[in-house]
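Okay, so here's just one chain, in C-alpha cells, the form predicted alone.
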C-alpha cells in the first residue's frame, strides 16, 4: 500500500481525522509530522487516545519524515501523513514529490494574519502563495474537511 492522504490540519489527530478520514480510507497508519510532538511523550499519549488500537501511530520530526517517506510508501500499510501547517507539508513535498503528490487542506483555523477562505480554512496570503507554488510545481491541492463533502480547488480560494 502507500500513503493515501497527505493532510494539513492544525488540530493534528482528532475525531474528524480518525473517524471521518481514517475509516473512510481504511487507514492503518497515521504519521504525525511535528518536531514538538515528536519529542513530547505526554502530547503523544493524548493524541494516541483518539486512535483505535489497531491503527499504528508514528510521531516523527520533519527530518525523520523526509528520510522515511519512501519506506512508508512501500510498507504495505494505508497511511495518512499529517502536518499542522503549510510550511511543514511544503518541505515534505520538496523532499519527496512522488509521495506528496496530493495535499488535502483540512482544518486550518483562525489566527492573526489569516483570513477565512472557507468556514474551516483560514490562510495568510503567504500560506496561499506557498500552496500556489506547490501546485504550480505539480502538486494537486484541494480543501476538504470530510471525504463526504466535495473538494474545493485551490484556485477557488484566492
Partner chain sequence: MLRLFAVQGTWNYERMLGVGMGYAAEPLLEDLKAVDPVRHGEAVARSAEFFNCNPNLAGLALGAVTRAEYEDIPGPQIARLRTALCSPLGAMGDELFWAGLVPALMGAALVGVVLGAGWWAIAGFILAYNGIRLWTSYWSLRLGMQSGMRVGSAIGASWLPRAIELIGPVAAFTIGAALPLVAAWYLTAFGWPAGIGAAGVTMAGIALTRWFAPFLTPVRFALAAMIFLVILRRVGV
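On a predicted model such as this, the values are computed, not experimentally measured, just so you know. Positions refer to the first chain, counted from 1.
The same protein also has a form predicted in complex with the partner chain, omitted here; what follows describes it.
Trainee: According to a 4.5 angstroms non-hydrogen atom cut-off, is residue 67 in contact with the partner chain in the model of the complex?
Mentor: Looking in the model of the complex, residue contacts with the partner chain do not include residue 67, since no heavy atom lies within 4.5 Å.
Trainee: Classify residue 98 as contacting or not contacting the partner chain in the model of the complex by the rule of any non-hydrogen atom within 4.5 angstroms, answering yes or no.
Mentor: No - in the model of the complex, heavy atoms of residue 98 and the partner chain never come within 4.5 Å of each other.
Trainee: Test of understanding: in the model of the complex, would residue 129 fall inside 4.5 Å of the partner chain by heavy atoms?
Mentor: Residue-level check for residue 129: no, no contact with the partner chain.
Trainee: Is residue 142 close to the partner chain in the model of the complex, meaning a heavy atom pair under 4.5 Å apart or at it?
Mentor: Residue 142: no, not in contact with the partner chain in the model of the complex.
Trainee: Pull the contact list for 29 to 63: residues with a heavy atom within 4.5 Å of the partner chain in the model of the complex, in sequence order.
Mentor: Those in contact are 36, 40, 42, 43, 45, 46, 47, 49, 50, 53.
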